[in-house]
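Shown here is one chain on its own, the form predicted alone, set out as structure tokens.
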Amino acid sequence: MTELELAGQVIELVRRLGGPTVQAEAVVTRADLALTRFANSAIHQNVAESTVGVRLRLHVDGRTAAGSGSVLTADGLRALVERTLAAARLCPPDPGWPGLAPPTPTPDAPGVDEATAYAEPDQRADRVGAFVAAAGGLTTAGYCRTAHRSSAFANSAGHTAHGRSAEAAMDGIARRDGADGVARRYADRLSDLDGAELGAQAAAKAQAAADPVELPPGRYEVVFEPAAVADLLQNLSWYGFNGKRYAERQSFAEPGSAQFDSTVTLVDDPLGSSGLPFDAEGTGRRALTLVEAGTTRAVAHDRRTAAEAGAESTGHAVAGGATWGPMARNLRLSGAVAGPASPVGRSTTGTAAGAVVDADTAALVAGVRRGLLVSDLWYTRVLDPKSLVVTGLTRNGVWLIEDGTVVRAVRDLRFTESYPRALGPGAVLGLGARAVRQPDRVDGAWWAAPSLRLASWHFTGGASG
């Protein structure tokens, strides 16, 4: 039985058990996930799982509930419907229920790379081996993963949709004397992941990160590499361009206002890769411009937030959206073409040779009189959602730049910064020409991020402070 047939069977079961007035939507997803992990420069784990899950949402007598299950027998599906119906009758009234998506055509999605969808363990292992070999004897760790999903949607209003997606990602570090260098990449095709290239980049950064010095806290000009920029995009998306937070006045977003530097354009582009062509409510997904040349244009909506705002869903519903709100999960910064950055063409490094690994970053570094080159941000936590003030740490390499040259490694630093302010009018001094897609922990999410030069970033002390 196909995913679409199974989804239709669940909807029919709801009609029989709950009656014709129950509004129902079902999503059936078949997922094939595989992960090859390595540590101490050797593969230590290869895992794979194939699952089929059913997610059901019902609106009964003005109340809404959701349930899920993975038992696909007749008894298992019946139990899922019965317990979801029972839960709905116990839930509080839901006056914001927006109704079901009507029957509409599903947008065409890019084709799936079959070699990635059904990749074998030795293909991932080959890339791990190339990463380790390119690290030149440094200790390495990380993973290479592939995923294939086939998903179908059906609701009691007669709307159906089906799609497939495939993805691959690699994330690894090389370590020298406690100093780490990182390289990571997301791709639609496993064949686009070059383990040797990533391993060489991670190793060069680890070598350049040795013997770091401490710097005093303060505001510094910064050049962020794509991995660091990805954190900016994720937080801007989840906390700023989220229609639920916007309706609750917990978002900085002010559509129609020039809130960002004129060089900043942000587009959520879910069909710019091998992604599903519909969201959790069955609404077709499409590109959505959130910021255009510095001016905020839109926020992401699902059916619930769109109804409240008097707008239409933008196709950004996620499971659990009543709690989390709609999310843009495929954000691209500026008009850069997503793809790997070019190798560095000229030296911008002094004693920290290897810190700069691509031409885009090199060009940005060359314009800095005194500042910091930052590889990655992590452990970021939001202090104030309204202004999106975030605190976090640098990791995997920070270097001091003087007169356009990377001169020495710096110890990791803690920062506290408003992300919108840091990207505000006049604050962006340069963007890389190409965006490099960075993987996210959320299924199907990626952030297409170029290197980025900012006028000011507030570092508040050392990483242990």
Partner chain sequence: MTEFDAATAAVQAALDAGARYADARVMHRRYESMTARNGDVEELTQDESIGLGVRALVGASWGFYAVPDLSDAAARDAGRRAARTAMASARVPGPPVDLVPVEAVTASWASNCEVDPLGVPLSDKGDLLVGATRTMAEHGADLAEGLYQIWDTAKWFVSSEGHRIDQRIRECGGGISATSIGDGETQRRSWPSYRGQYGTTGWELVESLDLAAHAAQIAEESRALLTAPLCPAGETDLILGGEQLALQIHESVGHAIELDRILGWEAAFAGTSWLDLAQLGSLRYGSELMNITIDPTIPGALGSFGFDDEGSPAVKRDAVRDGRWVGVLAGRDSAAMASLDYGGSVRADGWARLPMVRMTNVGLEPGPHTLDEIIAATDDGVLMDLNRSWSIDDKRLNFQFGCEVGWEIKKGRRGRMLRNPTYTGIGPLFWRSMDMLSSETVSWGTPNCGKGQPGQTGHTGHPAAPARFKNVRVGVSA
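Positions refer to the first chain, counted from 1. Bear in mind that the values here come from a model prediction, so they are computed numbers and not experimental data.
Another form exists, predicted together with the partner chain; not displayed. Remarks below refer to it.
- For the candidate set R395, H159, H148, H162, a heavy atom within 4.5 Å of the partner chain in the model of the complex is found for exactly one residue, namely R395.
- This chain is drawn without the partner chain; in the model of the complex, the residue among P255, G99, P121, G136 with a heavy atom within 4.5 Å of it is P121.
- From the list 383 to 391, 196 to 204, 362 to 370, 291 to 299, the contact stretch for the partner chain in the model of the complex under a 4.5 Å heavy atom rule is 383 to 391.
- Among heavy atoms of A463, some come within 4.5 Å of the partner chain in the model of the complex.
- Although the partner is absent from this view, A322 contacts the partner chain in the model of the complex, with a non-hydrogen atom inside 4.5 angstroms.
- By the criterion of a heavy atom within 4.5 Å, Q250 is counted among the residues contacting the partner chain in the model of the complex.
- The shortest heavy atom separation between L236 and the partner chain in the model of the complex exceeds 4.5 Å.
- Proximity to the partner chain in the model of the complex holds for none of M1, H59 and L377, with the criterion being a heavy atom within 4.5 Å.
- Using a 4.5 Å cut-off on any heavy atom, the residues of 65 to 88 that reach the partner chain in the model of the complex are, in sequence order, A65, A66, G67, S68, G69, S70, V71, R83, T84, A87.
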